[in-house]
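Just the one chain here, the form predicted on its own, laid out as structure tokens.
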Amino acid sequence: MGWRKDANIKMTSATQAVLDEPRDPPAIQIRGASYTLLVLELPDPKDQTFYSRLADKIGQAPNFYRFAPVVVDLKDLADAPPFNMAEMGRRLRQHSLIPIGVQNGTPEQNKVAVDAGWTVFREGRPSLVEVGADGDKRTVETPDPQAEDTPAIETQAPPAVADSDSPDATAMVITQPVRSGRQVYAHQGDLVVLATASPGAELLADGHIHVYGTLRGRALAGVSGDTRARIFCRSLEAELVSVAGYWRVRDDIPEDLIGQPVQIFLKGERVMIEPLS
């Protein structure tokens, strides 16, 4: 059907002036966020076996490491001769790791890192983590309880819940599903989730973690270093579980435990996963 001439709309001069008036562009939003980063300790940048050994480690859990952001720790290289960080970044990206910054570097090393397109991090609160059976270790940053809260991480210091083994006998109780991309941190206490944690969700607690639905995503208990912390869930489908900084990924969990009610705890420096009777 064609347009009728009498249906044409004529704009008044006032209407045209409003339409022609310049409008302010949308405001640029910049906000804080909190993420879990891998920290890669660099023992010797000249070690010719470093990248082959790194490839072996990544091969143990390729899905976990793929495109993972990495902070390179230079604490053991204060007296090392200068090395090409841009080239090191290229080699790390070849292994699907994305270097984003350094920590514990000298002023000269920090300048080289910035020139390579990285940033400089203050030292986080790392704990040793188990990567493989051969005893090599990596570190992973854990949340800083003194850091300012941001919109990306939900924290709470709630009323006490009876649990004498938790650091301060307090708990955060979540009654709704924890959706993908959401991070919940129970500061100085336990985290109790009465629903399901979705893939991509992240649960953190200074004490224990209890999930009464399916545990997917990541669960990190004892993030301030409490080796007594445990994780309990009705159905284990997590991509990563961690206690006091030591962790295991999905590829390192026996298939007969997937989908089962389990408890997760530390025995020495090894993360143990046992079925709940």
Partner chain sequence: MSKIITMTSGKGGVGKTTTAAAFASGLALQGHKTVVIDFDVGLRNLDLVMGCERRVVFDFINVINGDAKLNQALIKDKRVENLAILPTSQTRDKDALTQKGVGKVLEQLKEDFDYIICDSPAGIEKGALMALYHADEAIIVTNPEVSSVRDSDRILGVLQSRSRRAEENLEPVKEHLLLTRYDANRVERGEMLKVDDVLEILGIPLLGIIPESQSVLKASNVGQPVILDTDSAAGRAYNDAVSRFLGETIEHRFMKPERRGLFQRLLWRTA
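Quantities reported herein were computed from a predicted structural model and do not represent experimental measurements. Positions refer to the first chain, counted from 1.
The protein also exists as the form predicted in complex with the partner chain; that form is not presented, and the subsequent description refers to it.
Listed residue (Leu37, Ile58, Leu240, Leu40) with a non-hydrogen atom within 4.5 angstroms of the partner chain in the model of the complex: Result of the distance check: Leu240.
Please tell me which of Gly89, Pro177, Gly200, Gly101 lies within 4.5 Å of the partner chain in the model of the complex, judged by heavy atoms. Of the candidates Gly89, Pro177, Gly200, Gly101, Gly200 is the one lying within 4.5 Å of the partner chain in the model of the complex.
Can you tell me whether Glu255 touches the partner chain? I mean in the model of the complex, with a 4.5 angstroms heavy atom cut-off. Answer yes; at least one heavy atom of Glu255 falls within 4.5 Å of the partner chain in the model of the complex.
Mark Leu54 yes when one of its heavy atoms lies within 4.5 Å of a heavy atom of the partner chain in the model of the complex, and no otherwise. Leu54: no, not in contact with the partner chain in the model of the complex.
Pro82 within 4.5 Å of the partner chain in the model of the complex, heavy atoms: No, Pro82 stays farther than 4.5 Å from the partner chain in the model of the complex.
Give a yes or no for Gly117: in the model of the complex, does one of its heavy atoms lie within 4.5 Å of a heavy atom belonging to the partner chain? Because no heavy atom of Gly117 falls inside 4.5 Å of the partner chain in the model of the complex, the answer is no.
Out of 241 to 249, 224 to 232, 65 to 73, 205 to 213, where are the residues with a heavy atom within 4.5 Å of the partner chain in the model of the complex? One stretch meets the cut-off, namely 241 to 249.
Give, in sequence order, every residue of 175 to 192 that has a heavy atom within 4.5 Å of the partner chain in the model of the complex, or say none if there are no such residues. Residues within 4.5 Å: Ser180, Gly181, Arg182, Gln183.
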